[in-house]
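As a starting point, one isolated chain is supplied in structure tokens, in the form predicted alone.
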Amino acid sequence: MNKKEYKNEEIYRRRIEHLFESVNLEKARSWFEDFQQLMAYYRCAIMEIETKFNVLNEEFSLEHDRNPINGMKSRLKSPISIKEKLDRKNLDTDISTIEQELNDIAGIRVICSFPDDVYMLADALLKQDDITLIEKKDYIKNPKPNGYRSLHLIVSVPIFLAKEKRNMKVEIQLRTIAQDFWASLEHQLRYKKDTNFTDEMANELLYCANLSAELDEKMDTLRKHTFENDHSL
């Protein structure tokens, strides 16, 4: 590690220790090391889930000559977001509480070509014997009032370390290209700084969400017709 990297690491360490100021200062260094280790475990869990989806994508491509997955994004919840969520839940900042009580520290977003692909991939993943479903919320069949659509899963997946196996929780969001496009722009517009987000704007976004759902339905119908024509030859 060079001097610049060491300095950045020390600055990051001090920021985290200050952020979680309820931790006993005498134990802050040990706590920080445990926190970094826990984040490494979550990164490993993300890699496990990504690998599973990549395998499913490859298998489907061989069988059907197309890829159901258009893209994948992953993220670890930031220390600030973790602290804010702990505060909202009136929870302590000890490492065991973070791991046990928060389900969305590790997150993966899987962007699919068609709505049917969302459910096909979700079903295929949940059938694997090392995946445990903790929670499922279907915002595609039951959209949120603002028009948001996505399939949310909280799963537990084992990671295999040098001396132990640990089960880690990962939040998975599966959505179509159209749903992801709408959600990304909706977030930018709704939470843009120095902007007064009005009811009229919310209604326009809901209208756009419904148009997006209609587009998904039409594209899925075209896909099915194309598949039927190919197999009728």
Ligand code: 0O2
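Residue indices: 1-based, along the sequence shown. Predicted model, so just to flag it, every value in this text is computed and none were measured.
The following text describes the form predicted together with the named molecule, which does not appear among the structures shown.
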{"item": "Among 199 to 207, 65 to 73, 46 to 54, 166 to 174, the region lying within 4.5 Å of the named molecule in the predicted complex by heavy atom distance", "value": "166 to 174"}
{"item": "Contact label in the predicted complex: Tyr148 to the named molecule, heavy atom within 4.5 Å", "value": "yes"}
{"item": "Touches the named molecule in the predicted complex: Glu186 (any heavy atom, 4.5 Å)", "value": "yes"}
{"item": "Lys137, heavy atom within 4.5 angstroms of the named molecule in the predicted complex", "value": "yes"}
{"item": "Glu99 within 4.5 Å of the named molecule in the predicted complex, heavy atoms", "value": "no"}
{"item": "Candidate site Lys141, Arg223 and His225: all three near the named molecule in the predicted complex by heavy atom within 4.5 Å", "value": "no"}
{"item": "Sequence-ordered residues of 58 to 96 touching the named molecule in the predicted complex, heavy atom within 4.5 Å", "value": "Arg75, Lys77, Lys85, Lys89"}
